[in-house]
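Encoded as structure tokens, the following chain is the form predicted alone, with no partner shown.
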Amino acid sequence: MPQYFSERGKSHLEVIERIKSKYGDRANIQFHKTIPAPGIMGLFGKVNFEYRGYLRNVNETRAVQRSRDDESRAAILAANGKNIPPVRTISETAAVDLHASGSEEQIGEVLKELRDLKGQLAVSASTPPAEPFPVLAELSELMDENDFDKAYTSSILNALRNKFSAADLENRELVQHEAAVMIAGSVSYFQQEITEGPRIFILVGPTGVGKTTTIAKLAAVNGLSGKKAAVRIITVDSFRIGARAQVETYGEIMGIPVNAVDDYDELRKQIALSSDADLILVDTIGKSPRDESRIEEMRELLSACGETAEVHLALSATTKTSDLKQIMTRFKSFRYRSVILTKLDETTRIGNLVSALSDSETPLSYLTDGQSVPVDIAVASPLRLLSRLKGLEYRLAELEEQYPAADLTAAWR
């Protein structure tokens, strides 16, 4: 009676290597499949791959080895322009005198060819199978064009496979719409907590991401809109004269008080003096994510704002994928509550940003896409995020009803 085996791993290569290590040539793989692991509502969990098969008996194993040896020998001889000898049995092969075939140099060449062939076979065995559903293959390419992380794309595709039947997976409209819903639902959106006293909103982030302009936009939509909240701006970016002048100019135009501080005591004093305000916006000097000591200094200074202060991280949509996670990790000490995506008008691909937000489970609060104050800012919403993706098709009216979003700047347009 044949002996069966089943092995799982995080990649095709890992499972195949484990099978080769444990069972060698006796293993005969019959089929494989993907096994989704738990994630958020069944989505975005890690994927495992399962391979099953049976172990060959001794005679079958010998036959496989003999066939493999004959194929390798034939390929080597053909590459060297020699005739292919008739197939030998194992005992006949063992009886061949290696010295009769040529010099030590020739033997070395033969061994090198064998090693190269072995490497090619290993690469071939580890290559994942092609996507059997053309609609999913097209979606995978589309997500790659939008710069989504490969693990994120794999999670979406596996979730679709689990949700739909084989017949439904041939329905392009259905699959793409559901993919859009899954992408929208993979990111959380910031909800403001109601607190006593003024709301203290601190914006941190690397140099050059547009923090000062974003602060001005938030001041305008809150201080100049219909509700006309009492707004104050505090800047700790007094080291850069240009940046300080910029925010003071914005404040003067909008009639919103602006104060600059240099240290902990001054910041604490200005927070106390602004206790009658509805909203206190704190602009900070940009910090390189590699400068950990300066980031820590800024965090200690901002602690003067008190425990109820909200810290938000500004990220440019043009940030390279390799830098994105590093920035989010380095600024974690600020305990930021959300991410504000800036400069969306300067890129056409945001899949890497969506992937990072989903992976870190960090809420998204605002989107900005230009320099105009206050027009180029919007509350982050699923539909506004989806509208930034190229080529993805979905039923717009249905999603507009499902994901309504406030318009901050309608009065200025």
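In this text, residue numbers run from 1 along the sequence as written. Computed from a predicted model, the values in this text were never measured in an experiment.
Another form, the form predicted in complex with a small molecule, is not on view; read the next lines as being about it.
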Heavy atoms, 4.5 Å, the small molecule in the predicted complex: which of 270-278, 209-217, 183-191, 151-159 makes the cut? Say which one.
209-217
Of Ser387, Gln371, Gln30, Asn57, which one comes within 4.5 Å of the small molecule in the predicted complex, counting heavy atoms only?
Gln371
So, Glu361 and the small molecule: in the predicted complex, are they within 4.5 Å at any heavy atom pair?
no
Even though the partner isn't displayed, in the predicted complex is Arg232 close enough to the small molecule, meaning a heavy atom within 4.5 Å?
no
Indicate whether the small molecule has at least one heavy atom within 4.5 Å of a heavy atom of Lys343 in the predicted complex.
yes
Is Ser333 close to the small molecule in the predicted complex, meaning a heavy atom pair under 4.5 Å apart or at it?
no
